[in-house]
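Encoded as structure tokens, the following chain is the form predicted alone, with no partner shown.
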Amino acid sequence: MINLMKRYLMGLLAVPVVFGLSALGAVQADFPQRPLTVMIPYTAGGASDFQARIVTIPAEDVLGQPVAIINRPGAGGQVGWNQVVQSFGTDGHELAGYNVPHFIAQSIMHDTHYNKDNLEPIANWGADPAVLIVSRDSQFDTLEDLVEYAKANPGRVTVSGAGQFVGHHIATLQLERAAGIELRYVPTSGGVDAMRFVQGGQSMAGFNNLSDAYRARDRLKILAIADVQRDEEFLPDVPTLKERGFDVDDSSVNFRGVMAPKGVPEDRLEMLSEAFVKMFNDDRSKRRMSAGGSPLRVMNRAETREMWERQQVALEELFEGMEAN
């Protein structure tokens, strides 16, 4: 009887500990059971791939399992994101990187299988503005040089970017409207190819990621940032388009993070959000992101969902009356 009472009392003492566990600890007993994958729908070496590999370095310490990054590029992200909703499992082991405004814009303008309602946000790691770039030997030394030439030569200035209706395309559309010019947008398979087009002379200019342009800044001229304020950490001397008199806001800023297909249990989504936020805020992640010129902006699941909703409204207004090519 005494031993039975001891076991009963020990059980009571353990109850507060069990109920005091975080979402991370509560699910860890049976999840994850194997390494996780995060599919990046862009080419290896681009900003999305580069950053995803950095921010998931602490995965084994946080989750007890590593995170493998896999690349499935094509159609500005559409190939990979369609696969998420068509064939990914819903046990939480198969995840994907997202880019906003990219996937939301594409779901508005194209007949995609995905949209914000059949995908689940987990956490956001960064916000990477689009920057207007030209090659080091370009005839354009300033934004005004490019705009003046474009006004005199409608449709002659080619501008590369990482696909249709991605942040780079949106920045191009906004500059056209704000400056009253006609540019010829050249979609590529990703940021790496878009950068090569500029450096190799296949396009006269490009909008690309601040982080990619920062790493290649010795081989480029960076003329302006498509954001509401300068980037004081990495490119403090580069003006915004708005500073130069062109009314371009931050709708093209590239938010990056991790998401899951709809159907993953809520407790696992919350656990994953807590874990990925912890990874993104890890000192190792912060140091390597800063060294690579990659701005961090960490948001949890709820904050990310709010950002998705806000971007949906803004992009529907921007694209009103437009047709996809």
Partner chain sequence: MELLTYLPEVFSGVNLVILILGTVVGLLLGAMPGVSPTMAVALLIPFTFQMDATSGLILLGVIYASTVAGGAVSAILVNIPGAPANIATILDGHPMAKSGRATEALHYCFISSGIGGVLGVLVLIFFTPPLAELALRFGPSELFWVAILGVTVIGSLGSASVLKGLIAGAFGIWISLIGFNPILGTERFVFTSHLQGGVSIVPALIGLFAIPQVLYMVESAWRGQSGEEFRMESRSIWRSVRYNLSRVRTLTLGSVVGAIVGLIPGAGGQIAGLLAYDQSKKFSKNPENYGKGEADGVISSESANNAMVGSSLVPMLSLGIPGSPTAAVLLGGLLIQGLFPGPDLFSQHGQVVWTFLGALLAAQILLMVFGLYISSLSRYVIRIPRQYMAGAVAVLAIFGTYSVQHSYSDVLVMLVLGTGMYFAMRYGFGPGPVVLGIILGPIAEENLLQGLIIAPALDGPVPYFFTGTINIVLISLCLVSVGYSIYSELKIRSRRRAAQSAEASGK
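Superpose the two forms; the largest set of C-alphas matching within 1.5 Å is the rigid core. Residue numbers count along the first chain shown, from 1. Predicted, not measured: the structure shown is a model, and the values here were computed from it.
The discussion below concerns the form predicted in complex with its partner chain, not included here.
For the candidate spot formed by Ile108, Arg297 and Arg310, no residue has a non-hydrogen atom within 4.5 angstroms of its partner chain in the predicted bound form. Contact with its partner chain, judged by heavy atoms within 4.5 Å in the predicted bound form, is confined among 233-241, 248-256, 119-127, 217-225 to 217-225. Taking non-hydrogen atoms only, Arg136 never approaches its partner chain to within 4.5 angstroms in the predicted bound form. Interface membership of Phe140, defined by any non-hydrogen atom within 4.5 Å of its partner chain in the predicted bound form, is ruled out. Taking the partner from the other structure, its partner chain in the predicted bound form has no heavy atom within 4.5 Å of any heavy atom of Gly180. Taking non-hydrogen atoms only, Gln174 never approaches its partner chain to within 4.5 angstroms in the predicted bound form. The partner is not shown here, but in the predicted bound form the stretch 196-219 reaches within 4.5 angstroms of its partner chain through a heavy atom at Arg196, Phe197, Gln199, Gly200, Gln202, Arg215, Asp218, Arg219. Once you line up the core between this form and the one not shown, the Cα of Gly46 ends up 2 Å or more from where it was.
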